[in-house]
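Form predicted on its own, single chain, as structure tokens, below.
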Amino acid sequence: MNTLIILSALGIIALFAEIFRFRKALFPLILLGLGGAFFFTAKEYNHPQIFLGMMNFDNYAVIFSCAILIIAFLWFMMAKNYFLQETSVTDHFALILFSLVGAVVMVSFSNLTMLFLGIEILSVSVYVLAASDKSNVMSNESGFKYFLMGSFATGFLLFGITLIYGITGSFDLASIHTQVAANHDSGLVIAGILLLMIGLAFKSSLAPFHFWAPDVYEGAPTTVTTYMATVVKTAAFAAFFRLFSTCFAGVTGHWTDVLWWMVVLTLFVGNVSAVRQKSVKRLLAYSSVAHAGYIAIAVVSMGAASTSAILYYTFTYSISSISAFTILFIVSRHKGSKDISAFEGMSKANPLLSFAMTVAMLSLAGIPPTAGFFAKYYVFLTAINAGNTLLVLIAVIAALVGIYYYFRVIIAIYFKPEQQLVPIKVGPLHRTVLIITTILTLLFGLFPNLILGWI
């Protein structure tokens, strides 16, 4: 609960920063606040707290909240230079902080009303942020499309919550679990579960409810796209798994087959579509869709190791994504292009960027010894232990397709000559972010138990 208080207070402070003229002090204050929030959140490990039956800060919530705070800390360091050029920097920072409140609620809810509130607090802020580049028509379109599609998905989510409440008479997860088990053959239960799955599949960008993601990711400012691909996706899958593992674990026959096919479709739509992209930003957007499919394998294969697999995958994927999007942001600013051709010959222009991008691409592709390899390994191992061997074989084939388009970027960096030599300067904050994310990607690849041992 301290986490929510600190983040809410930071958001309110950010709103007043312009009025009381301490805008320059806002950024270090936010970093300090996020550090404090992490400290108080970590202190709650092994000390579960339930607040009015609405929120449950158990170890699951604590670990995912800590992961979100670490990702947010790195994101603020990555995004500072972009937002400081905006006159409304305080508004941008406030929106991000309030969206973090929604993310923490999504990983700690124990009542369906809190799930809905968490999703909406997070989503409304991101709708605005996606359209925040007012001079860019694509950004305006991105925000509008995300808002319309998000509102449509919210309707499915609310309809599902209504049906579940109608059959169980409760919004409490524990009560729903009991009532669903007693009424497992009810058509209302099946319909409610499937509608909830559709709503959460949209937030997680699972096919066929992914169609908003490539356009929204491409049109939004690169920093906002980074936030959507990391914090938003981590919170969405944490909420997805918490709901289905708590309420519907006893009726897996009603939903696992549907999710199984959604995973297969997501894997191939994401990877095959990424192969055809020339824009690195759009490539990473489809890559994000594909990775949603890999994470969802752990949800389909619900078991004792699923929580660890989801945590490890979402966290390591987020770290690699921050690295890749940071480099894309730097390169596009210097060369005025987000295409793969903009990365040609970058190894000579900036070895640090080249090495960091290579590590990020290898991790996203799942190549050892990066963290991305073990992320896929643990998800696949979870699926095999649950008897989903065929799904693993399909996922491996999809991953081989993914290797092709990730290596296109690496080949452009090291093996294609630069058409026009453009020196690339990296600021101290961006350099720090890239060093941290690259080290973490390699460190967690070599010592995966640094994460897996906590949950």
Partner chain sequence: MLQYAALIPFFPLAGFIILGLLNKKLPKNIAAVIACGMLLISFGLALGVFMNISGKTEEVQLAPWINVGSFSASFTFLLDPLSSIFLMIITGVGFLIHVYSIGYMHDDEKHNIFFAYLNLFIFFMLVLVLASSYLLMFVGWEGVGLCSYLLIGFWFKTKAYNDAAKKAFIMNRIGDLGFLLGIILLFITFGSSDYHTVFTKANGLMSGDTMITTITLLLFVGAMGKSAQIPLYTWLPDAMAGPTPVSALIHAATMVTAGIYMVARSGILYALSPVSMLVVAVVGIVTAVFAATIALTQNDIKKVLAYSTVSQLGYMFLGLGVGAFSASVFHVMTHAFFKALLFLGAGSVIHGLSGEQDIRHMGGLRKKMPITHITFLLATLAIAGIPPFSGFFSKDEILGHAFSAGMVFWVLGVIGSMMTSFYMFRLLFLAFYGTYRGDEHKVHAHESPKVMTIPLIILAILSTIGGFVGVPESLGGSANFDKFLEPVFHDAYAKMLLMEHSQILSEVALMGITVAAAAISIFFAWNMYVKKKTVPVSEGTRLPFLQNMSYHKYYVDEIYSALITKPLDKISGFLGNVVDNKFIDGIVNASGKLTNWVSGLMRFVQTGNVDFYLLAMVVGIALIIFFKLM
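Keep in mind the model is a prediction, meaning the values are calculated, not measured. Residue numbers count along the first chain shown, from 1.
The form predicted together with the partner chain is left out here; the points below concern that form.
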| said: Counting only non-hydrogen atoms and a 4.5 Å threshold, tell me whether 35, 44 and 68 all contact the partner chain in the predicted complex. | reply: no
| Which one, 138, 249, 149, 381, lies within 4.5 Å of the partner chain in the predicted complex by heavy atoms? | 149
| Which of 174, 194, 158, 181 has a heavy atom within 4.5 Å of the partner chain in the predicted complex? | 194
| message | Given the stretches 241-249, 198-206, 315-323, 223-231, which is the single one in contact with the partner chain in the predicted complex, using a heavy atom cutoff of 4.5 Å? | response | 198-206
| Is the gap between residue 211 and the partner chain in the predicted complex 4.5 Å or less for some heavy atom pair? | yes
| query | Looking at the partner-bound form in the predicted complex, is residue 187 within 4.5 Å of the partner chain by any heavy atom? | reply | yes
| query | Would residue 286 sit within 4.5 Å of the partner chain in the predicted complex, counting heavy atoms only? | reply | yes
| request: Determine whether any heavy atom of residue 40 comes within 4.5 Å of a heavy atom of the partner chain in the predicted complex, and answer yes or no. | output: no
